[in-house]
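Just one chain follows, in the form predicted on its own, and it is written as structure tokens.
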């Protein structure tokens, strides 16, 4: 069982399932409303735990009822939350998500307490691997990257300017095709592996510009893509830290991400390992 620490965001997702996504300036009515735990950090932490890792989450939430909802599945899933601190006077992060019947979504995030995870707040435990994303301050990610000596995975989402030293230090960088286009040639600074996802299309794993592995996600009945990318990141990290070969690890991550689209909500949809293996 690998040990993985996740440094990242915790959100409460407010999800509207609509007949279609609105165009700019348009109102679409008749939606169904749901509330789910979310946030890229929390999603990746729970996904890694369900896939067999021993997980610690370092994060910030508000002293409010939303925090209780946002942390509920993490607690139930056995994620270590002693460094997930509640702050007075700031709200727990919230994501507003519109989901179409196809599973396609639109997301707007109000970071709240996630903005307050400062560089000096992080005390990294002994751990095999560290996963970071960019829903917390990039200065915090940069400091962690400079100090941690184990396997470092950085999910460059949402796209944001980040110090090149983070790209050079990371053993694994994960982007989707939109983020890959946004970062462009700067991804050439990555010394480790770069994984690129393309939704239901073929995912690739490259190092030094050379294709290391590629895999196609299995065909599933997708109803909500929220959390699929986070599941992919967690699964790929778990598999690589376990010592799986790059091709096997990428196929495992693709299967995990695909299964995560078959249920509504970010965290309720995160698959257990046996579900992934049966779809791999």
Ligand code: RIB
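Nothing here was measured: the structure is a model prediction, and the numbers come from that model. Residue numbers count along the first chain shown, from 1.
FYI, the form predicted together with this ligand isn't displayed, but the following is about it.
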Test of understanding: in the predicted bound form, would residue 74 fall inside 4.5 Å of this ligand by heavy atoms?
no
Is there a heavy atom of residue 43 lying 4.5 Å or less from a heavy atom of this ligand in the predicted bound form?
yes
Is there a heavy atom of residue 226 no more than 4.5 Å from a heavy atom of this ligand in the predicted bound form?
yes
In the predicted bound form, does residue 270 come within 4.5 Å of this ligand, counting heavy atoms only?
no
Within 4.5 Å, heavy atoms only, which of 97, 193, 130, 141 is in contact with this ligand in the predicted bound form?
97
With a 4.5 Å heavy atom cut-off to this ligand in the predicted bound form, the contacting stretch among 211-219, 35-43, 249-257, 50-58 is 35-43
Residue by residue through 240-278, tell me which have a non-hydrogen atom within 4.5 angstroms of this ligand in the predicted bound form.
266
